[in-house]
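First, one chain by itself: the form predicted on its own, in structure tokens.
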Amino acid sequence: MAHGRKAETPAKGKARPVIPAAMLPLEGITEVQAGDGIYLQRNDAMFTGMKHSQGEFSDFFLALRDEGKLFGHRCPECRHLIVPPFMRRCPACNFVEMKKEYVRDTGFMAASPVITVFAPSRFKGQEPFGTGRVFLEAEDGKLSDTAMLVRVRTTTGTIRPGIYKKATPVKIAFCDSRRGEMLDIFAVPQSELTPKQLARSPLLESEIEWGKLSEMEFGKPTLQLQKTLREVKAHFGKLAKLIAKSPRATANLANWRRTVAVRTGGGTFSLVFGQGKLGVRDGGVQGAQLVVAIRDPAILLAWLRECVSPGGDGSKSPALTDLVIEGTLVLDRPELETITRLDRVPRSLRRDNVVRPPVASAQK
């Protein structure tokens, strides 16, 4: 048993429901304006509860949960090694019974992983996350013949393009609290770990330092970057006043409390969300629930100009969510809701006529 760990068992009276309370719709009927009149819309729910067995794969998941180890099945004749052990008999060797074989927790990416930004409701609050396949090393140093599907993470903020590629060396780490499922483990680039962490097996999640945005050094801010940052803070101040005048924009930020530190190449400031309002503060805030980093504050300024004066300088600014997807705006943890809520604000301001497009002058 790794570290003498017991199977995760909810305390009596504290079991968590499969469907979180935050996902349950509030009872009520609302009015919706349609093209031919007003429709009534009623909140309702429909779901099916179920249980399913891990069956013959249970031994693999028990090893993850209780031993902190990984194993596969190897054919004694053709020496084909599969990880995870999704077959018990080798189809290429007249279905001879395959043998259990433990493997190392190190290996290589089979290809660049897929990054999921807009996830099903089951994974709400985990996005963005990456999923890829890893060839693991056997005890003889050779790679498995199949690649295991696993979540991939990075210690340098949220997952984004460029962290992984084909053949990136990785190490499998284990969650401290494990239940017996694939989400009990994840891959981390070996380049982000210390020699001591690489040698440790199993390596636990709590033994890794996460959200190391401090490594994103921007250097000494130039006068131009500092000037741009002052404009960014001023525009966020304008945006805060406009949000207060817009019922829809206020609703976008309702029931959301966050203090967000924003690091840029021109300096740091903070955004405070609470009671449907937005506040702007100079400098960082200790204990911020989210830290975001962007090298060029002018990118934020372009988005803000579109918010407070549609059309901005005539160029089309990408959505903040797009900036996260492409890795321009980096978050210190997988928590995208603050960004998606902010992205809804510009449209809400326009719909409430708080910010109106400029009226074209009549041609002479």
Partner chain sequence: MRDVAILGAGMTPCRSRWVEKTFWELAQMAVSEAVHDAGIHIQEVEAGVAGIYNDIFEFQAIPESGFQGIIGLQNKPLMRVTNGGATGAYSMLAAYNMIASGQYELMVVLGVEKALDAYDFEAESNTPAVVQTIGYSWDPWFERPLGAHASESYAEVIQAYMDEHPGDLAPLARARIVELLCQQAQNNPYAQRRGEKVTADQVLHSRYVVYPVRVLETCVYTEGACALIFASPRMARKIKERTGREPIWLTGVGAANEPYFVGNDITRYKVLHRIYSDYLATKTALEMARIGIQDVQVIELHDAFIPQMMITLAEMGVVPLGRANDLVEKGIILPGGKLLVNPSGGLVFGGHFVGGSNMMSTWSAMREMRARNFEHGLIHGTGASLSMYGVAMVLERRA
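Positions refer to the first chain, counted from 1. Each form is matched to the other, and the largest set of C-alpha atoms that superpose within 1.5 Å is called the rigid core. It should be emphasised that the depicted structure is a prediction, and the values quoted were computed from it without experimental measurement.
This next part talks about the form predicted in complex with its partner chain, which is not shown.
**Student:** A45, C90 and S121 - do all three of these have some heavy atom no more than 4.5 Å from its partner chain in the predicted complex?
**Tutor:** Spot residues vs its partner chain: full contact, yes.
**Student:** Just to confirm, V117 within 4.5 Å of its partner chain in the predicted complex by heavy atoms?
**Tutor:** It does: once its partner chain is placed as it appears in the predicted complex, V117 has a heavy atom within 4.5 Å of it.
**Student:** Whether F218 contacts its partner chain in the predicted complex should be assessed with a 4.5 Å heavy atom distance threshold; does it?
**Tutor:** The answer is no: F218 has no heavy atom within 4.5 Å of its partner chain.
**Student:** Hey, in the predicted complex, is A234 touching its partner chain, heavy atoms inside 4.5 Å?
**Tutor:** A234: no contact with its partner chain in the predicted complex.
**Student:** Although its partner chain is absent from this view, report whether S309 comes within 4.5 Å of it in the predicted complex, heavy atoms only.
**Tutor:** So S309 does not count as contacting its partner chain.
**Student:** Taking its partner chain in the predicted complex as the reference, which of V285, I208, V272, A111 has a non-hydrogen atom within 4.5 Å?
**Tutor:** By the 4.5 Å heavy-atom cutoff, the listed residue in contact is A111.
**Student:** To verify the annotation, which of these, P84, G157, G265, P128, has a non-hydrogen atom within 4.5 Å of its partner chain in the predicted complex?
**Tutor:** Of P84, G157, G265, P128, the residue with a heavy atom within 4.5 Å of its partner chain in the predicted complex is P84.
**Student:** The chain here is shown without its partner chain. Which stretch in 252 to 260, 129 to 137, 200 to 208, 225 to 233 comes within 4.5 angstroms of it in the predicted complex, by heavy atom distance?
**Tutor:** The contacting stretch here is 129 to 137.
**Student:** Between 177 to 212 and its partner chain in the predicted complex, list the residues on our side with a heavy atom within 4.5 Å.
**Tutor:** Contacts from 177 to 212: M182, L183.
**Student:** With both forms fit on the core, has D59 moved 2 Å or more by CA between the shown form and the other one?
**Tutor:** No, D59 moves less than 2 Å.
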